[in-house]
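We begin with a single chain expressed as structure tokens, specifically the form predicted alone.
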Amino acid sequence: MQTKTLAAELSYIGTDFHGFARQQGLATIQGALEDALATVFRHPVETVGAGRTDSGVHAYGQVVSFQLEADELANRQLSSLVNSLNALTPDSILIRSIAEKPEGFSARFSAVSREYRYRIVVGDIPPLFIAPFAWWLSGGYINVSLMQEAADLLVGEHDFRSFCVAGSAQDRSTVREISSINIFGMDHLGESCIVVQVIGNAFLHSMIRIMVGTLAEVGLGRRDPQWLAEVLAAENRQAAGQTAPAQGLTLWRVRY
């Protein structure tokens, strides 16, 4: 039977979900999407996501691939499938588009790079509109230039064992390549924040959140930028800073 490979681009607010990956008895993005697909096509449909976002992490440009038999799509417009899935999934999930892809395409393994963005709000007044999507650092001042100097030390191919959940690194390679880290200011709904943009080929469990928590130590003046080189060399989670809260992180874009 001939099959077709499809890829859906979706956005979601991760606050009420236990991450992307399906988990028995828990609300997840993959679980909600696969349940909706099963309702439409009346059989289980397995999906593959480009990024396994953690509990509470958001996405603007997540990509999910799946296969269907060609005759199941013969009399169905992909735009109508988008509408059906949006009607069947929670309001905090939005399927933006669905497109046919070449045979062998995988949202995960065909990806060339993934871009994440982390928002930080610094100051005495907490954010309101972007509070569910940012880490509020109460009081003080954060030095973006020093953060950028420290972040530059993380660009390239390194062993990021210091920047991942220790248990997830057992018997696995922790070498990853980061192509760029850019830190800049931005306004969202009239509220100012600092954005940490990270682009790389792949990431370890909680890697970006630990990187951001570590960079914040530098920005707040508690550590020197060169400390990041020491953290990398240590290859030990205990050498790095705290894990930044999940709500500040968004999977922004996946490139193929």
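All values derive from a computational prediction rather than experimental measurement. Residue positions are given as counts along the sequence shown, with the first one as 1.
Form predicted together with a further copy of the same chain: not shown, discussed below.
Only one of Lys101, Arg96, Arg108, Arg76 comes within 4.5 Å of a further copy of the same chain in the model of the complex through a heavy atom, and that residue is Arg96.
Shown without its partner, this chain lists Leu215, Leu37, Val63, Ala59 as candidates; in the model of the complex, only Ala59 has a non-hydrogen atom within 4.5 angstroms of a further copy of the same chain. Comparing 67 to 75, 139 to 147, 159 to 167, 182 to 190 against a further copy of the same chain in the model of the complex, the single stretch with non-hydrogen atoms within 4.5 angstroms of it is 182 to 190. At a distance threshold of 4.5 angstroms between non-hydrogen atoms, Phe133 is in contact with a further copy of the same chain in the model of the complex. Not displayed here, a further copy of the same chain is approached by Arg119 to within 4.5 Å at the level of heavy atoms in the model of the complex. Though the partner is left out of this view, Leu128 does reach within 4.5 Å of a further copy of the same chain in the model of the complex, counting heavy atoms only. Of the heavy atoms in Ala240, none are within 4.5 Å of a further copy of the same chain in the model of the complex.
Within 4.5 angstroms of a further copy of the same chain in the model of the complex, the stretch 16 to 36 places no non-hydrogen atom at all.
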